[in-house]
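Here's a solo chain for you in structure tokens, the form predicted on its own.
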């Protein structure tokens, strides 16, 4: 009884009430608005210069490359136009010496050569035809018809200052890379230069954040023709990207032409990378237990990413480990401490190995939360076996396992309800529930939701995929928000979006390609109108060019 009571007491510390959710949503919206209005806000709200999302009807062959760490991935994606695609890919490890090279050229020439190898292997006919045509040109960068060139999305998972859809300067390296020569340089231009030196028919069309890619991938593959509002990652880390009205991104105007960069305003929208892991670093509304506080104090970045430290898979296992260790060290709580074998249902004395990972920071993997929370085996046998095999806890009793399961479930549920705060805030901030046909009726319980009323959300990550009932816990919290409620929650469609750094990057390259074609067409039409002397014919030419451009941009 003492153990059960102690576990319930700890689990109660992770309760996140309906009132907490509502306070969190209100503050999240405030910090979103702050980030749209100024640089240096707690929530960065980074403009991505991506101004449209796909709807599944797009066709074409596009490329994507992904430099996210020690591996480099090259992909080609054939979009079939029916929300499906075919993907071909290769992956290569980055040599250690190139991660700390003296010059940018050493790394980026290696990347370009991997693209060349990929093209030779998987698109040899296209490669041979157009490389030979380019080599016949008298200089590098000879002009070609646009359809002859692969448009490529470059997922570059390092901090950059982006100033256009395919322009971004490196702020700093992370993940073991340290090439000082690259700092402050445009990484897209560096890659394009090496691609051109190899005479490859490839244009770096877009610089991609993987969360933005998640949004794009979901919007292409989601059922129906409703564009996806939000792409969110709930995995090792957490982040979200969503579609915002361009006129609300006021910091672009305040910062002048340099801050605005190359903004295409034809759609009136822009995808924003929230970087919401840093939400409420000041802890004005976020819950904070003793376990959260000690984890943060002993982390590599104390005081920042406070939302992420309560939501993402990187940290949930450590929160549980700290709670377990606190109970083990409490002499009044008999966790993993049977005095006699006859006190244990398997008649063996529980023992924790001296080298158990439970004693080490980050020693408990977050996957254990999913195992414990979803364990329906008799006597929680699966949890007890995992404690024995992976964590050196032999002969754990059913009561021990139940105590651990209770706390693990509470930590996971809190993470899901906090995730709902972010989703709800984006939905309410963008006004996507304010549909004129959304009228409450007395027959509300049987009222079906029309496709036009759907708010589509794409999600990715191990938590949302594998943690038991994670989505249902999110939905419970959405219903706790009065402005959403039961009716609004039904209109939120949550679906898995895979491979934002591959498929999503290719789709952003598609958007960039179409934006470029639209700008060219508009420019040509403007020139033609001027040549015709203006008047009614010039006005009509310009009007039709602008109309066609906008239609093209609504991909």
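Numbering follows the first chain given and starts at 1. These figures come from a predicted structure and were not determined experimentally. Between two forms, the rigid core is defined as the largest C-alpha subset superposing within 1.5 Å.
There is another form of this protein, the form predicted in complex with a small molecule, and it is not shown here; the text below is about that form.
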{"property": "Of 427, 233, 107, 410, the one that lies within 4.5 Å of the small molecule in the predicted complex (heavy atoms)", "result": "233"}
{"property": "Single option in 78, 289, 157, 281 placed near the small molecule in the predicted complex, where near means a heavy atom within 4.5 Å", "result": "157"}
{"property": "Options 324-332, 473-481, 234-242, 373-381; stretch whose heavy atom lies within 4.5 Å of the small molecule in the predicted complex", "result": "234-242"}
{"property": "Residue contact check: residue 166 to the small molecule in the predicted complex, 4.5 Å heavy atom", "result": "no"}
{"property": "Contact test in the predicted complex: residue 186 vs the small molecule, heavy atoms, 4.5 Å", "result": "no"}
{"property": "Touches the small molecule in the predicted complex: residue 366 (any heavy atom, 4.5 Å)", "result": "no"}
{"property": "Residue 162, heavy atom within 4.5 angstroms of the small molecule in the predicted complex", "result": "no"}
{"property": "Threshold 2 Å Cα movement between the shown form and the other one for residue 170, core superposed", "result": "yes"}
{"property": "Core-superposed comparison between the shown form and the other one, residue 70 Cα displacement 2 Å or beyond", "result": "yes"}
